[in-house]
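Okay, so here's just one chain, in structure tokens, the form predicted alone.
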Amino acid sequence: MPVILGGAATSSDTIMLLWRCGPNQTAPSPRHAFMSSDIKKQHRDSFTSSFGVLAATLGSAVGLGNIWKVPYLTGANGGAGFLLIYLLATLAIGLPVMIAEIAIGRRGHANPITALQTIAPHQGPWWLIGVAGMIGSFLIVSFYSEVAAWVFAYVIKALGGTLLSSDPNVTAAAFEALIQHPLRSLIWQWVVLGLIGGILTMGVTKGIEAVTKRLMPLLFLLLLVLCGVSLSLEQAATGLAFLFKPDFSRLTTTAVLTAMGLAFFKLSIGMGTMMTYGSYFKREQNIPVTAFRVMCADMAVSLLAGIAIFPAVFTFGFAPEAGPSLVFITLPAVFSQLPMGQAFMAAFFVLTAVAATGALLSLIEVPVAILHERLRISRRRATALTLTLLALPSAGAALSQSLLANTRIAGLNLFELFDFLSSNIVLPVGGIFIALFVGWVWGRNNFRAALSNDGLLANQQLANAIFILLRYISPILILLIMGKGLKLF
């Protein structure tokens, strides 16, 4: 993590104080004043409606991986059989940890660090889970913001017609011209971060909730339109078979571990986002029902994306295993061969930008909430400070294909390094310790009270089942995912 530490070096004293101070300590000066344990009594912005909660939480879970990764992995690993393993793994890993994070956030009614200090003030440094979440969010935003920058640049390219070519060599050249141009990469990244920062400064209700309530319906609408077009094509049946036809011979051990990893990473857990959003939940919100709806909607987005993409890919003779390049190289060539191809291409990149926006809002909100509440500074200043701290590592990722192409650590450029550290170390470790905290420290009674809204909901038995998964099953499965990511087996 040298880049992250380097980016924060000018504020190292503040950061160290921020991480070390307990919930009841006060700092010697107003500049470094910290929130006390009575944070619950202070006015705090929150989500105002059940739909707002669903839209914001779904916006966090849905990301660029929904557009290509889930559909492709499903098709490449056995179709319906892989989907079944993915669903079971989500119920055993992703959903329980997601519910735990939301419950901790709402119970603590604060940012991840303060929330953990508040609900377990004398039970060890479990607040470090919140610190790990903030580090994870920084690492992810550092490279994810650059991918989002490519997407936003492609919205303009699609609208301008510069991508209208059926030759993948032409679309590949256009993509390389973007990512290998230092100034363009940085400018588009700054545009994206500036947009996200502007939304976050408006607060939770007027910013995050208001924006995601509009973006999530738009995302589904655009997906349905593209699905309708794709299903009318000649090879629609072939594309649907690739996505859904079961092929149990492909369900190898590697495929099962891949499904488990997908179940963990797809729900935006282990990085403090769900804990942060959970702190904005109303007291009467039914956490398990909300989390289950988010899981189902997230899976629906992935499958609709597959329906929208693969019939067209097969119709025009392209390879479905193109991976990430499918979005930026293959699909523009595919759309160019459709009637009204430019309009459909623009719609596709708009919905992809919507997915990226929702994810980035939740990721950057983690450090913004921590700095805002623990340093007692305005959201505007907390957002500006967060973006300042992000400037150096994010620029490093943006320049990984150009000026810093030869800068490598353990054989990885900075973009790849941030991805590796977050995906294979920080997030799995965070998920494991969240499960251990709930299962062995917070305890069954506190967890049941949190999920039943202190007895107002009759879901104690459900809470017991989720608790057992968190205590015994989820940590082991996440450890297996971590081992696979680190290539230990």
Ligand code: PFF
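Bear in mind that the values here come from a model prediction, so they are computed numbers and not experimental data. So that there is no doubt, residue numbering starts at 1 and follows the sequence shown.
Form predicted in complex with 4-fluoro-L-phenylalanine: not shown, discussed below.
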Under a 4.5 Å heavy atom criterion, is Gly65 part of the interface with 4-fluoro-L-phenylalanine in the predicted complex?
yes
Inset, instruction - Please check if Thr90 has a heavy atom lying within 4.5 Å of any heavy atom of 4-fluoro-L-phenylalanine in the predicted complex. - result: no
| request: Indicate whether Ala369 is a 4.5 Å heavy atom neighbour of 4-fluoro-L-phenylalanine in the predicted complex. | output: no
Exercise. Do Met271 and 4-fluoro-L-phenylalanine come within 4.5 Å of each other in the predicted complex, heavy atoms counted?
Worked result: yes
Of the candidate stretches 136-144, 172-180, 227-235, 249-257, the one with residues having heavy atoms within 4.5 Å of 4-fluoro-L-phenylalanine in the predicted complex is 136-144
Whether Ser60, Phe265 and Ala359 all lie within 4.5 angstroms of 4-fluoro-L-phenylalanine in the predicted complex by heavy atom: yes
Checking Ala149, Ala103, Val327, Leu363 against 4-fluoro-L-phenylalanine in the predicted complex, the residue with a non-hydrogen atom inside 4.5 angstroms turns out to be Leu363
